[in-house]
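As structure tokens, one chain now follows by itself in the form predicted alone.
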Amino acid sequence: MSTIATFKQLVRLVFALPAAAIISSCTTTEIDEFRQSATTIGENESIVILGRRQNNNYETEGSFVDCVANVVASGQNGINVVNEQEFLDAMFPFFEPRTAPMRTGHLEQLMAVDIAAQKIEEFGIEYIVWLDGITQRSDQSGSISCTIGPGGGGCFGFGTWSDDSNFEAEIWDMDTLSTVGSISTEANGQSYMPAVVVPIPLIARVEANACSGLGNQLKQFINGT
């Protein structure tokens, strides 16, 4: 097959792919909620959303924590959310990875420390939400090669991969010092990268959908709706 014929096939491919890829790259999201106790929150009360960073294999990304916090704080029935870094700085060293309470049983010890209890009260913290999870890439296939020559350059090829996001939020009630429930989300999708001269990424918004789904469900959970 001639180089011109191959190029024409690639051009047809890159224009045929977007419509199919946009459909195929849609993200599927599943959300599960487990409630142990009723919840409610007042106008002058707040929550703080913290990322678990005690795992040796990964750390929950701060960008995902910020994303969920923004969803919970915005829109109808938005909740006051204390900034994670502001909270960690004020509570140092009680929520550092090595010293942070891993279970609600540790909260009694924490609240027995006067300065810690005072800071929690100053922030008006009614619930602490722990986020734990990661987004992983898998099933990568295809290849893209780029060349530069006297007449110019370009990239040719096609690549695809899967992204999977798995996150869980555990909600602690600071009045009862107990777990009131948890929310888990699983999102996955297929992304594509066709390239004829210029790569055209068609990215599945897996983590963004996981953030939106988890954030909205968390807002409803804490509001008791």
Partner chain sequence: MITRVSLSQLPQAARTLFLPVAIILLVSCSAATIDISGTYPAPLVQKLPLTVGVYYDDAFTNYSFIEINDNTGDDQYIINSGASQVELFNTMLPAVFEQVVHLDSIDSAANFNNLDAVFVPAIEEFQVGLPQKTRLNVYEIWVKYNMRLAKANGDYIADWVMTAYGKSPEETFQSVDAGVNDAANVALRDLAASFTLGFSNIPEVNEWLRSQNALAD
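Keep in mind it's a predicted model, so treat the numbers as computed, not measured. Numbering follows the first chain given and starts at 1.
Here the subject shifts to the form predicted together with the partner chain, a form of this protein not shown in this document.
J.: Counting only non-hydrogen atoms, which stretch in 141 to 149, 124 to 132, 93 to 101, 67 to 75 is within 4.5 Å of the partner chain in the predicted complex?
T.: Selected range: 93 to 101.
J.: Taking heavy atoms and a 4.5 Å cut-off, does E168 contact the partner chain in the predicted complex?
T.: E168: no, not in contact with the partner chain in the predicted complex.
J.: Quick one: is E108 in contact with the partner chain in the predicted complex, heavy atoms, 4.5 Å cut-off?
T.: Residue-level check for E108: no, no contact with the partner chain.
J.: So in the predicted complex, does A112 come within 4.5 Å of the partner chain, heavy atom to heavy atom?
T.: It does not: once the partner chain is placed as it appears in the predicted complex, A112 has no heavy atom within 4.5 Å of it.
J.: Does N55 reach the partner chain in the predicted complex, with heavy atoms at most 4.5 Å apart?
T.: The answer is yes: N55 has a heavy atom within 4.5 Å of the partner chain.
J.: Counting non-hydrogen atoms within 4.5 angstroms of the partner chain in the predicted complex, say which of E33, E59, D164, E45 makes the cut.
T.: Flagged contact: E59.
J.: Any chance E186, R205 and N209 all have a heavy atom within 4.5 Å of the partner chain in the predicted complex?
T.: Verified in the predicted complex; spot residues all out of contact, no.
J.: Does anything in 69 to 90 come within 4.5 Å of the partner chain in the predicted complex by heavy atoms, and if so which residues, in order?
T.: Going through 69 to 90 in order - heavy atoms within 4.5 Å of the partner chain in the predicted complex - the hits are Q85, L88, D89, A90.
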